[in-house]
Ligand code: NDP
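What follows is a single chain, given as structure tokens, in the form predicted on its own.
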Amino acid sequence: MEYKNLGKSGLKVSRLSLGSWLTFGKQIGNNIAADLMDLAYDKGVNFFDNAEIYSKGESERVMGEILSKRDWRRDSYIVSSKAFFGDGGELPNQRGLSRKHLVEACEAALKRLKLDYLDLYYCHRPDKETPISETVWTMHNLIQQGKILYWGTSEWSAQEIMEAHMVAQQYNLIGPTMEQPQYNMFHRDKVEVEYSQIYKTVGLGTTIWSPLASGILSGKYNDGMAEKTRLSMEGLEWLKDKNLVEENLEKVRKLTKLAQEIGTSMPKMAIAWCLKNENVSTAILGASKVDQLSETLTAMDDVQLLTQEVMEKISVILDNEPSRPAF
């Protein structure tokens, strides 16, 4: 495993990490979740990603129970939570980025995860109804209280991230360290273009999610709809409709052939492609089976296979190079 500083911070994260969205507490049994965490940790993964909304808190409870039964040193792993959507409550203050919800969500996550502090704490989405200054002050105070070590954002615009940094600078507070955006072969603009300047100005770290585009880039859908996958889960029709389109599938079929030509698999090539981007601190993997994770955890080894020639072939197949402004 290789490790990389999370943005300009001194925290080192494994280039590959393990996430629990749609799996822990929902798609897989707790014994499988434990096996996945054990495998990841044994292979050098030190970052485990979670959120209050995942399975309405059950994902954090499952992860917390697993961690409580391991003899892993606390300084050997990193755990995150994210707040905005709440854990299922629908009353006015049970979601958002107000001081009240962020503090209560943090306390709830610590209880579910059975931890004394969170390494990373994210604002899961921007909150148009809460001043960014209130959010920045709250995150700063949580750090001062020792309840979180670093805070960041997820799916915020570059403008919103920079506004948070401006508030932090104005009041001498701790600003956001990292952003958790979607990034994969089909979803590129935000990571490659929108954030391009703030990597340089504030040293933004990224913990990207969905490197396989919800499984499309694994190749499992090349010949039709696969059973017992996340895109077949009830309630995720929006995800299926957005990703499982013929244009994407045709590209994946061509990419799969290219992966075979260079001696690797489609999922490993897709993840290695993400890791080629130097602004990706870590790529969060999801898995419902141990053999899936065993395969994708070796994707780091395949980065070297993606030569300039191979990257150009991938670019031709994708035909979605982001438009970059001339600076």
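Since this is a predicted model, take the numbers as computed values, not measurements. The first residue of the sequence shown is number 1, and the count goes up from there.
Just so it is clear, the following notes concern the form predicted in complex with this ligand, a form of the same protein that is not shown.
Undergrad: Suppose contact means a heavy atom within 4.5 Å; in the predicted complex, does that hold for all of S20, S210 and K220 with this ligand?
TA: Yes, each of S20, S210 and K220 comes within 4.5 Å of this ligand in the predicted complex.
Undergrad: With this ligand left out of view, choose which of I284, C274, A40, A33 has a non-hydrogen atom within 4.5 angstroms of it in the predicted complex.
TA: Flagged contact: I284.
Undergrad: Would E52 sit within 4.5 Å of this ligand in the predicted complex, counting heavy atoms only?
TA: The answer is no: E52 has no heavy atom within 4.5 Å of this ligand.
Undergrad: Heavy atom to heavy atom, is E65 within 4.5 Å of this ligand in the predicted complex?
TA: No, E65 sits far enough from this ligand in the predicted complex that none of its heavy atoms falls within 4.5 Å.
Undergrad: Can you work out whether D302 and this ligand are in contact in the predicted complex, taking contact to mean some heavy atom pair no more than 4.5 Å apart?
TA: The answer is no: D302 has no heavy atom within 4.5 Å of this ligand.
Undergrad: Might H124 be said to contact this ligand in the predicted complex, defining contact as any heavy atom within 4.5 Å?
TA: Within the cut-off, so yes.
Undergrad: Mind telling me which stretch in 65 to 73, 274 to 282, 254 to 262, 22 to 30 gets its heavy atoms within 4.5 Å of this ligand in the predicted complex?
TA: Contact-bearing stretch, as computed: 22 to 30.
Undergrad: Going by heavy atoms, what in 283 to 303 lies within 4.5 angstroms of this ligand in the predicted complex?
TA: In sequence order, I284, L285, G286, A287, S288, K289, Q292, E295, T296 come within 4.5 Å of the partner.
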